[in-house]
Structures are given as structure tokens and as C-alpha cells.
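Okay, here we've got a single chain as C-alpha cells, the form predicted on its own, with questions on binding and movement later.
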Amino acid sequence: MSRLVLVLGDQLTESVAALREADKSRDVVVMAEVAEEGSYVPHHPKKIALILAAMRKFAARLREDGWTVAYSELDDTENSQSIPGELLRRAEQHGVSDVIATRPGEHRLIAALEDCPLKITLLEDDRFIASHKEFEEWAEGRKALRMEYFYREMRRKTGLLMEGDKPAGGKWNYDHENRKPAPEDVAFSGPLQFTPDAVVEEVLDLVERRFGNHFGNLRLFWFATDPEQAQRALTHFVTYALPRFGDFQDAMLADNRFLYHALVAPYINIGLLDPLEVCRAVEQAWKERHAPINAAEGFIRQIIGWREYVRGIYFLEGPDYPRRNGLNHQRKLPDFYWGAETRMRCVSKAVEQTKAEAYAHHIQRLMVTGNFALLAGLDPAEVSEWYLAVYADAFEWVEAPNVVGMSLFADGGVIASKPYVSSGAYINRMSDYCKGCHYKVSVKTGDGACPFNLLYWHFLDRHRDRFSNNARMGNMYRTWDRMDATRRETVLREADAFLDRMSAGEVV
């Protein structure tokens, strides 16, 4: 008896659980481009094109390998435009009722499959290092679920950067060495870029027709769309950028969008690269003394530490997690997140880059767009939807914990021990954004005052009951309390005025 084998657009590897379980001689692989997946949030056109092009190439590889593939293109006239709908259509077409699938990475799609009136067996997605059971066992009984301690378990499990049972170099974490401000120049040309082939060009035309009204520039499109290209992109990073990645991984430059970053997360997240193999390539570069340990450790921590940790949190916390709003922030997302004018150069540059590349690195997301959203009290649901829509590496399992938990503290402290808020001083230290800005980072109140300076104290003041007893925030409140009462009143009044102008749609 044959079965349907569902392969989703972020499961594009022959080693995915459903394909390992399937029988090539009798089972039918189902892959589907559907409007529902491209539009449940207004995904960046580059993200849609990356996934569709990679899907088409993967389906071709499966066919070449002897698989029967039932592939639905977006413009197929019989396409039901949903994953469950396509499973039902293919089940009727092939006379089968059993489906095997690798568990999706989003609660939304898991629920849709569970509601489908076919017999669907969901298999564990074991492309990750930690299973759901392992993460649950690690989390059980802990008062605080801090990533650092989970990361150490992943180091022990994988053996990466380990010397026996000790961390290489004698330390688990070299983060303090990875906070250098932006360099004057960058000796790296950026990630390896690929000229679209015929398959990619056809997809680009399709995306332009169907999703051309979504936020984001579709062209120039340069992403890798198959494993061979993705591997070349990884090798390019390791060879030319990894040695300085650690030093400047938190730095930001207005006119250099990539610095020494790898941009391999989209490839890992859709299956073109294996995360453990990526980490081993970076570890090997350290072993060969091509890259210092702070660079190798900082990169590996992002994958086997942070990436694995946020996935664990997402499934541990359950389907309601992305909608949490622990600080009761309700202000609407301003239009400048979608490209409207703003005089804040840091925000403008981060959004401009996001629109052009479907990419911004972790500090741009956390300490510019995320920091502003938290300080301004933006609705976490709207902010989270924006992040899910605009970045090529964003899937809800990785996006929601990073935004709801890390950036916005909307989960009430599940991930972070304190809110990640800062004034303009941090952005000025780590970037060149403040140069040429309409506002002056050195101005605290009055004409030209940096909004981040005003909103920083406004945030602390309005959430005093929540955070004044937080051990990591005591100094902030003591500094606020030492200010002259008149100055405090001025700060709050000017912050309120800024927020009122922003909410009214004025250019701020």
C-alpha cells in the first residue's frame, strides 16, 4: 500500500525524517507551492523566491533519484492553495489515505495537519541536535531557562570545541571579546552571491506577479538555492570572513550591510545546509589556526546554543507563546517599519537594508528595531508579525522566541533576565548610524534630542513596579532617581510628545 510523503519548503534535505521512513518504490512525495504559505503574513518576496526555487530544485533531485513526486506549482489551475488541501487532492488522485510527514516548525501548520481528515503520522524533526524530549528534560525543575547552560550541554553532546570534558581554551564563552565597535573599513566583500539560473528566473517572474505588492525588493536576487551553492557560500565565509567574525559580530555600519557575517541561516533553516556540518567546518578552521577561538566559539554558539535553545522554548511554551504580551504594550507598529520616512537614521538604515536584502544581523534586530519597539511600547503581535514577514531566515519557531522573548520581554522573562533596552549611547558605540542623523545622540532633552534617550527613561519609569527590584537594573533606577525632578518631568513630557507624534503618523 502506497503512502503520501509530505515534504515542506523548509525540509529540503534527503535526510529529513519522512523521506528516511518512506519507500521510494511505492510512496509518493507531495510538495506544494501554495498561496496560503506565502501570504499568512506578507513574506518578503526574496524569502518566497528562495523557498520556491529551492523546492523546485529539490523536487528535481528527488525525481532524478527515482522518487515519484507530485509537485504543485503555485499557478496550477487545480491547486487548492493550502497544504491540507493539496494532501487531500493527491490522496484522491492516487487512491491513498495514509500520510507520513516530518513535524512542521510552526504550531499553525501542525494544527492544520492534525485537522486534516487523512491519517497523518508526524515524525520528529531530528535535523536538530536536541529533541523536544531532551529540551523538556533539561528545562524541568529549573527556575530560569538560561541559554548559556543549555549551550554547554550541547557542547558536551556534540564534542564541538571540547578538550575532553573541558571547553577548548578553558572557557565556555568568549562573548566579551566579540563586542568591538564598527571598524573603519571591512576587508570582506560580503556573502557569495549567485546569478539566477533558468529555474530561479522562472520563480522570480512568478513571485513578481503574485507577491509583487509585498514589502521588500525582489531583485537583485542572489541567494543560494541548492545544497551545492549553499556549501560554496559556507566555504566562502569560513575562508574569508570567519577570522574577523567574532570581533565585529555586534558592529553595525550604515554603508556595509554584511560586515563579516555568514548569511547561512536561511540555508540551514530550509535544509540546504546541515547545522552540525556547518559547525564542524567552523571548528576545523579553528583547529587549523585559520580562525581564532573567539570567532569559532561565537559562531558555533549561535547555532548549537541559541538556535537550538529558541526552538526548545517555542515548543516547550506552547501555541500561545507568539501572542504573549507580558508588558501590555498596545501601540501600533509605525509605518516606518514598512519603509516610510523616519529621521532616526539607525532605524531607517536597518529597515532600508531589510527591504533590500531580507536580512539584518542579530544586533540590528535586537538593539535597533527591537530596542525601539520595546522602548516605544509597540504591540508585540504586530512587531512579531513584521519580523516573521521580512527576514529570509524567519520561521515562527525561531522568530517568536527571538522577538517575543528576547527583544520585547513579552514572555515575562522566560528567555531574558531583564529587558534588552538601551539609550542611543549603545547604538553610537557599536555603529556609525548616529553620524549625520537628524537627532543628536549627545542631546538628552530639547531640540534634537535622540528619541532613544528619551524613550529609555520613559520605559523605565512606566515599568518601575515591574523592574525596580531587578538586580540587573538597580543602577539604572538609581541614576534616574538622582536626576533633578524638573529634568525627569521634561524627559517624560518630551517622550510622550514624541510617541503622540509617531502615533499620529507624523514623521519622527
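Note that residue numbering begins at 1 and tracks the sequence as displayed. Values in this document were obtained by computation on a predicted structure and should not be read as measured data.
Omitted from view is the form predicted together with a small molecule, to which the following refers.
Exactly one of the stretches 60-68, 471-479, 457-465, 38-46 approaches the small molecule in the predicted bound form with heavy atoms within 4.5 Å, and it is 38-46.
Taken together, the three residues D10, I51 and I83 all lie with some non-hydrogen atom within 4.5 angstroms of the small molecule in the predicted bound form. Contact annotation: of the candidates P322, G271, G246, G105, the single residue with a non-hydrogen atom within 4.5 angstroms of the small molecule in the predicted bound form is G105. Proximity to the small molecule in the predicted bound form, defined as a heavy atom within 4.5 Å, holds among F395, F128, Y174, Y240 only for F395. Within this chain, V29 is remote from the site of the small molecule in the predicted bound form, having no heavy atom within 4.5 Å. Proximity of L109 to the small molecule in the predicted bound form falls within the 4.5 Å heavy atom cutoff.
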